[in-house]
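Look below for two forms of one protein chain, each set out as structure tokens: first structure 1, then structure 2.
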Structure 1
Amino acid sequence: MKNTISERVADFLKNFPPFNALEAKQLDLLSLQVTIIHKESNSLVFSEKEEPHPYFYVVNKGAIALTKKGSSQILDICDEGDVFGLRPLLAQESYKLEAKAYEETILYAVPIKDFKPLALENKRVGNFLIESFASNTRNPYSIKHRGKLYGITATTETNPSSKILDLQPVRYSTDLVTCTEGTKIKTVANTMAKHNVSSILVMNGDLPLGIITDKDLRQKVATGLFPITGNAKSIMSSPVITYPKELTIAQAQMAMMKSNISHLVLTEDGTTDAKAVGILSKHDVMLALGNNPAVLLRAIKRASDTKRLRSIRHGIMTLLQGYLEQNIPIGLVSKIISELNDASTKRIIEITLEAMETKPPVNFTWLTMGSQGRGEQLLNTDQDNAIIFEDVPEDKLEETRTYFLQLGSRISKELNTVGFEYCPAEMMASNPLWCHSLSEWKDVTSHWINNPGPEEILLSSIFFDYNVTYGSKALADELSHSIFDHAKRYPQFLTHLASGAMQNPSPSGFFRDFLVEQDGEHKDFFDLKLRALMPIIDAARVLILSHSIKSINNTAERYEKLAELEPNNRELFLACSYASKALLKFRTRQGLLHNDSGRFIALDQLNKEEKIKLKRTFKTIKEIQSLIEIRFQVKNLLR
């Protein structure tokens, strides 16, 4: 008669090292000796310095946390298929760490007396154990874990597949700003300022005669060596140094260093006797390398059109990719990328305002909302924005609104050109519902707070994460005060907002199995945004609003502030901060890998380590949802 329990044990173990190296008959015999142990959450498996048990353990379901005694810091988590407690048995030493059930867990206890002979007989199993000792890891076949058993050593890995950027063709400006030898120096300076460029070519027809740079104006004119009434010929550098347009980044760098210059003129054949086709600055070369946020920020501020900004966006994505490969903390990464995103949006607004037929009739504020408002938009996702304009007399209101709707429409179009997709729900300043005077916005938000239906809660959850990207901060501050005042007068609103935060589906089922989409375009995919990120984000929003804290929009920073405000919940809030950053980093990596938003994850394409990292956040999500359910009495609302 078959032992179905041992069959299930063998069927599980055969998928994980070192058991996958055993012959089928060996594994069947070993599985007969395995004991199945159930552990409640936080129950002890073994303690530090305890004598080793006669068996080691394999996690079947759940997770085991490894810690140093007396420390709350988790050094490692063993997940499905992980082996732990084996090294002390083989080394004949006491346990070095304490092992506790991180959640409800089922373990397979494998007797060392039955396993050891198999290890001696099977060379592959023996090699696995030898490698384990040498590499200080549970799974020596995982290169990422070599020397990092406890997962607390940060390393920088080299990506051999990364492109050798300095051998790539360099991008150069084809929009030449030119003058003639007889052009007055004052006109030259005004032309350079108007086009926001650092150099101007002095031309004779299509042929370059010389070049004038910012440096020339500073050193030759501003110092008084040449009068501003003089002509271009008197201060230009001539002859110009020219190169062919098929130039690599490395060649451009070498050329500039060799001649100690900051600009190269590119011609059809690389000589001064051919037509000028472009100009290249040292700034362009640095930008092409894509590894310097300060350079990118200067490039954004100097961009004269959205076409240029779109090319800079590629540099920002390259920078983001590099940061992730170097394992730079995601908190720092999100701050840098958010600053660059905000700078890009601000520059688009400035360019659009310059192109408007008339100036704005009153002061206004451009708000970015959603993920960009929270400083969490690392990928090119859709845009969420709004306009607040100063109050005007009733007879001027519609005329003023028409102006700002036109402005909002143009800005949204340019944002789309740069790479920020249109919002599918049209939550953009081009929509009359998202373009109001200050008084109107106060009325709109007070209506949301006083009449919190499902739609009002959804709109609130998006709008209350706003950030001032351009214009008068005073308008946004006044609106914030109005929102907090109404929220205090109608505390039931927070209960409705908390209820909305509870609507997102759970990320996992029994024993932490991923809950995936059951139908539609993304059937069998895991919705990272809806099931994991949004519950963490929504909980942070309602909690921070309950404390009337403004100007902290980032989810991780909200939890860190909450940890200060509520010391009794400090551990949970810091865990939420960590989880929000871990999920954001995971989504960003997935988005860059698959060139999409990173929202829907194909679980069969994740390795075991990635699945473990995801699952570690699920317990935190459930705990924070439980807290807001109790605090805001959500169940009473549903009765």
Structure 2
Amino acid sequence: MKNTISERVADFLKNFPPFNALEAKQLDLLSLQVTIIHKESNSLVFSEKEEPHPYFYVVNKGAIALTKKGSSQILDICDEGDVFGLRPLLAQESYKLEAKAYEETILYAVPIKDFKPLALENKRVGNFLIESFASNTRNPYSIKHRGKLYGITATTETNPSSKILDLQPVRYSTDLVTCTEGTKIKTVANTMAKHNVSSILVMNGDLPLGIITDKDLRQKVATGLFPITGNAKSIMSSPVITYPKELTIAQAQMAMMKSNISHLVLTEDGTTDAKAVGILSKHDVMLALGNNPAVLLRAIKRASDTKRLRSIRHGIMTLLQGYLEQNIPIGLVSKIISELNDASTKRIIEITLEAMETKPPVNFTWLTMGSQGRGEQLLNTDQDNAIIFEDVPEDKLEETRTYFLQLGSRISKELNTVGFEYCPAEMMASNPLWCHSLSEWKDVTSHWINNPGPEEILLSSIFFDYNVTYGSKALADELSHSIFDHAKRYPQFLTHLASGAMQNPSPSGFFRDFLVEQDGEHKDFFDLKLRALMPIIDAARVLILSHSIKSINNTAERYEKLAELEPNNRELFLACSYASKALLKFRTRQGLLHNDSGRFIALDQLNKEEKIKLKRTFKTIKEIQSLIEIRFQVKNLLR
């Protein structure tokens, strides 16, 4: 007796240990007993010291964060296919950690009473469990995992200080790039360049003979010591230094320091006479040690699939949290994080382009708009993007558009996988309205400028913060010129844009009290984005456009530039720059605290100091609003 859903469950489970060891029939029966649970983000699966559930869990979609109570630090993130909450399987003890949905998640709850007999009966399943208990790794068969089986770790488990991290097994690359002794040096260099690696193994069958690194090429070949026509044997370092694959981070570091090398070869048993299984570079160690923007950036550039990028993004979030805790200036932080976000997007585009059946017919530019375009996207917020492609002859236009629409929807799907939510307003390159040729874009934007209704103002306010993430910058520059030309000819447009900037509801009431939302899902919350951030961002945009400057997108930087351009308003603009940074920081803090976009704030959870800080920015907002009201004569506009 199986049904379509249980088949679906079985079809998913069979890919992951320990379920892959079950016979098809057993799995079918087990799948029938599963309960599918949907968890909203931030909802609890189980809390610390809670009585064990009659289930253990497998993540089907989304991610679960395991934390120790009282600390905001995430000990581990369980991703698709990971198993957690195994403790009740072993003993009737309560949970040692808290499991919370890190994002919207679908779980399969497997009843323990149905699973236990299978585990006892099936040796491979039993072994998996024993090994995972013994080795303390969540999944001993997968070298990818460096986490621990937190559901069942002993009570000695404490906060993962760097000390414990050091003792975790390292994650190394298993895609070996190899050559043989006889390979020509030029071929060696080409292979390394093609795979974008810094070292190559010289193999004799399965056995590692030697290694050639960037350094060898530099010191031995480029200097003329050995001719480029020689073979790999002449320049390789041999014998290689090998280690067993069960290596901890600390051991790896020591080994590298001891022999003063940057690459370790890992073999089955740690000797040179065994099969080489992986290579570990200094970079891998750095990455395992954590959170250094340069390391993350490099990891992004090397990532070959979106799944990897997704885990790197978790790292970026941890980095962000660390920066905020250390009170590093938000201007600097937002630069670094935006750079990483941009690099992720770029990498996704590259990966998607490689996967497309044909190459793009013409040049194109990928624009990011909104907060990412302004370089203010610190948390995972929505993706807003657009494509400009080169003009093509009339008869090719539809064909070209179809190609780019398809590219756009694939990219935005991948972006979604990595953690950029879809834009609820569909302002994405997958939408035909946001995927145009250059001359079409010129028409669209000039239409906005010539007919500035409320819709056109809203669209242009989102679009005009665009930033080139990928592709030819020339296309975007040409569009910018066309926009400024039109804006100069229709100065009314700026007035309308300014009036748009005045439309946002005011942050504070007559008695300087906070105005909160009156109804809806966020009743009694303060809408930080709409009431505080948007007015200050909108004002910056209209002011900077009136000076015909396109190269600066970041709000704080726009105000700094304005302070430079208009010395008489210098103080106000600097205050605005400060306020925009403060608000951004505020939003990011709140977002990290609640693992959401940080847009809505519960006022009763703020302390006195925070409230005062927030209110101080409101004063600046009012001042800048009255400045643009007067300057652009918004009052004359019939509303």
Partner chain sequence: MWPFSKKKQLEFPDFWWAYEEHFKHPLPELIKDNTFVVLDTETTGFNLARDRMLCIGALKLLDNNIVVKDSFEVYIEQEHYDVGSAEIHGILKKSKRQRTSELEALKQFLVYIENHVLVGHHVLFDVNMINAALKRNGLPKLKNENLDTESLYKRTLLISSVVQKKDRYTLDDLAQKFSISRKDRHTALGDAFITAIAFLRTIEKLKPKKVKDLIRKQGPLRFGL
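None of these values were measured; they are calculated from a predicted model. Reference numbering: structure 1, starting with residue 1. Under this definition, the rigid core comprises the largest set of C-alpha atoms superposing within 1.5 Å between the forms.
Trainee: Of the two forms I pasted, which one is the form predicted in complex with the partner chain: 1 or 2?
Mentor: Note: form predicted in complex with the partner chain is structure 2; the other is not.
Trainee: Can a Cα shift of no less than 2 Å be assigned to A10 between structure 1 and structure 2, given superposition on the rigid core?
Mentor: It does shift by 2 Å or more.
Trainee: So, does F46 move by 2 Å or more at the CA between structure 1 and structure 2, with the core held fixed?
Mentor: For F46, whose C-alpha is compared between structure 1 and structure 2 after core superposition, the shift is 2 Å or more.
Trainee: Superposed on the rigid core, does the Cα of L207 end up 2 angstroms or more away between structure 1 and structure 2?
Mentor: Yes, the C-alpha moves 2 Å or more.
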